[in-house]
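Presented as structure tokens, the chain that follows is alone, the form predicted on its own.
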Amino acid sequence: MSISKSCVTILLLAILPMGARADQTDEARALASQLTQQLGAALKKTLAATGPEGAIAVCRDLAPAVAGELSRTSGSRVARVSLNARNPLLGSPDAWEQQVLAEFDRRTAAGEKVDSLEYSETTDEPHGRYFRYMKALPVQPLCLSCHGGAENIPDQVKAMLASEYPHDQAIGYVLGQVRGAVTIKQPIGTTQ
């Protein structure tokens, strides 16, 4: 029994997008890792040198700068989002991101480790087709002095947060929760 040339072509077309998606996921995963590693290193260094008051500047200034640089060099939109954003202008999720973050919360409540939570898919949107990826950001011990409960946040930090972020929703977290996610949005074409 022989397979016609058109059947082989159809089979290849069905297989190729999966391979392309695996490559896209690997690239997105690498971008997310670069962002979290750079920010984590800067936060640890700053916390050791100046305490949580200095760490506010890392998240306020360095995080968007690093995300912006990764966006420019990759051609994708790289950002951090949260259902409880500290800065609504930079950290508010779109509808797709809201759904993924809600699913991360559900999966965490069902016992999955936050560190393992990621999701990707290709979406068709009014302005084109996109590969979307999200990697959950867990609440870690170093997060609690700015994002924990009122008892964890020093008074000076509370005052700085109130001044810098009058619409802050990013407090009250405990270890192991989903703080938010790194989100990657890569254009892959236009919709028909």
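Position 1 is the first residue in the sequence shown; the rest follow in order. None of these values were measured; they are calculated from a predicted model.
Note that the form predicted in complex with a small molecule isn't included here; everything after this is about it.
By the criterion of a heavy atom within 4.5 Å, Arg29 is excluded from the residues contacting the small molecule in the predicted bound form. Although the partner is absent here, Ser76 lies well away from the small molecule in the predicted bound form, with no heavy atom inside 4.5 Å. Remark: Asn152 does not count among the residues lining the small molecule in the predicted bound form, judged by a heavy atom distance of 4.5 Å or less.
Heavy atoms of Leu142 reach within 4.5 Å of the small molecule in the predicted bound form, making it an interface residue. When the small molecule is considered in the predicted bound form, only one residue from Lys45, Arg129, Arg60, Lys158 comes within 4.5 Å through any heavy atom, namely Arg60.
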